[in-house]
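Take a look at this one chain, the form predicted on its own, written out in structure tokens.
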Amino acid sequence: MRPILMKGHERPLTFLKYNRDGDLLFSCAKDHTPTVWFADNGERLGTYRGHNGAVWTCDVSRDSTRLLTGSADQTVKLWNVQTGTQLYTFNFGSPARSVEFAIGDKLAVITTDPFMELTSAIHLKRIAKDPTEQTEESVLVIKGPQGRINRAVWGPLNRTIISAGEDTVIRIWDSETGKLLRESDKESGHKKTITSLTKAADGSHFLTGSLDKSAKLWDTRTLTLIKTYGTERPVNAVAMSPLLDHVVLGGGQDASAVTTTDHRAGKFEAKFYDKILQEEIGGVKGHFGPINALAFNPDGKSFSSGGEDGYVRLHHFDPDYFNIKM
């Protein structure tokens, strides 16, 4: 499995997202410019220029026509994927950390960071079909969690919102009323900041990664802990194969600790675990800094990782990967 090295960002990667067809890969980084690549050969298609802060997150609509990006410049921008033009800008009083389109692309959930006297919040916005009719107003604003909310995603049928972040608690909210429905158990839950959250292809369960050096698999409806995957270093990114029972964890030390440790020949690896047996299957080395972003192609035949080193590495699996026996 030879990785394709995709160099287009000048600063650390923050987020990776495939479109639903799996032919495009969107990458966000701290260099202000989200980028779109061909997912098969890693060719750079184009960039989305307009932010003037680190871009933390993005999401692409089901039909691959619209892109949402959230940035430290306190805006969320809506783009035309094909032309790269800005269609709309949502302004907030604090950095936007996470965005996700609802099923049907008529709504989006956005989380904003605590900033000055503002607390963190989860915003629900209507996304108009015609960008000229787009408005700024929120359908719903949810406040409550302490610290940054690193990720908020839609639950099944858009009825709920699942949020997780610095206060280590996973919460499920009613997306109509904003009422808190469930909280993860303190005992079985994460002990440190939750950095990442990704849903299974069918939405029945989701995976969280945390600085407590573990990733956990949860039932979406009941918030029951199903599995825990332990590793030796903080987890910055998680991904789940849509094809096989594999989960991938990426991480590394905090950027401040990197200089004091061995950096030889890309020591930072994406570790593969068996989803059911919770055992490590193998790893993919290569990055020269912590892995900040991971994403699986929706067909399950390739995955990409984005690192603190500014590279996106695109891996197409060899045939023998699909026959790994545990």
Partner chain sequence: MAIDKNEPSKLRWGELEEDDDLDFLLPPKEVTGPDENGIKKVIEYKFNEEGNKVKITTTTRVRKLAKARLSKRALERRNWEKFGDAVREDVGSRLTMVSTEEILLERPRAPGTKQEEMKVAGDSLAQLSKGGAVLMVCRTCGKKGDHWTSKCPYKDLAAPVETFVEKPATSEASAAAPGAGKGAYVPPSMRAGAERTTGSDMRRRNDENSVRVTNLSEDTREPDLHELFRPFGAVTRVYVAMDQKTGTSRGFGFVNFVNREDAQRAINKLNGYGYDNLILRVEWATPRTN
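No experiment lies behind these values; they were computed from the predicted model shown. Residue numbers count along the first chain shown, from 1.
Below: the form predicted in complex with its partner chain, not depicted.
- In the predicted bound form, no heavy atom of G53 sits within 4.5 Å of its partner chain.
- Although the partner is absent here, G84 is a contact residue: one of its heavy atoms lies within 4.5 angstroms of its partner chain in the predicted bound form.
- At the 4.5 Å threshold, heavy atoms of N41 reach its partner chain in the predicted bound form.
- When contacts are judged by a 4.5 Å heavy atom cut-off, G283 counts as touching its partner chain in the predicted bound form.
- With contact defined as any non-hydrogen atom lying within 4.5 angstroms of its partner chain in the predicted bound form, the contacting residues in 14-51 are N19, D21, D23, L24, T33, V36, W37, F38, D40, N41, G42, E43, R44, L45, G46, T47, Y48, R49, given in sequence order.
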